[in-house]
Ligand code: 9YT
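Below you'll find only one chain, the form predicted on its own, shown as C-alpha cells.
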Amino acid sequence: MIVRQLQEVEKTTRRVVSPDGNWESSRLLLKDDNMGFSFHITTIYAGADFNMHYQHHLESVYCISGEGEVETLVDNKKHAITPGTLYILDQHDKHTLRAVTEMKMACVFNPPLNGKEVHNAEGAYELS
C-alpha cells in the first residue's frame, strides 16, 4: 500500500514549479510507483493563460477549487471550469487553459509521468 500526504509531498522534489510561472504540481503518484498512471494536485495561478498539447499523454482534470476555462483549439469551443468540473483530454487535444482565479486541480496522466516534466515548446510532456 502507498500512503502519501499532500502537505508532505509539497516539501519534496515531487513538487514541480513551471519555468513560465503558470502552475505548480505536487506529484503524489509517479511512474516508479508502478500503478500505470500518475496523479497530481496542480495549482494554476490566477491570470495564467497558456497553450498545451499533450501529444504523448492522455489526461483527466478535475477542478477542486477556482474558476477558469479550457478552450479546444481545433474548434475554438470554450468550456467553463468551476469546482466539480471534469475535463478529459482523450484525443491529445490542443487546448488553452485560462485561470480567472487560482485553480486547484486533481490530474491523472496515462502513461504516468516520471516526476520532473515541464511543458516543452509545443505544450507537451516528453515521453521518458
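This structure is a prediction, so every number in the text was calculated from the model and none was measured. Throughout, we count residues from 1 along the sequence that is shown.
Same protein, other form: the form predicted in complex with the named molecule, not shown, and the subject of what follows.
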Checklist entry - Even though the named molecule is not shown here, does it sit in the predicted bound form so that Lys31, Met35 and Asn110 each have a heavy atom within 4.5 Å? => result no
Item to check | One residue of Glu71, Glu59, Asp93, Glu67 in contact with the named molecule, assessed in the predicted bound form (non-hydrogen atom, 4.5 angstroms) | outcome: Glu59
Next on the checklist: At 4.5 Å between heavy atoms, is Thr42 in contact with the named molecule in the predicted bound form?
Outcome noted: yes
Checklist entry - Cys63 near the named molecule in the predicted bound form, any heavy atom under 4.5 Å? => result no
Checklist entry - Using 4.5 Å between non-hydrogen atoms, is Met52 touching the named molecule in the predicted bound form? => result yes
Checklist entry - Can any non-hydrogen atom of Leu97 be found within 4.5 angstroms of the named molecule in the predicted bound form? => result yes
Item to check | Contacts with the named molecule in the predicted bound form, stretch 73-96 (heavy atom within 4.5 Å) | outcome: Tyr87
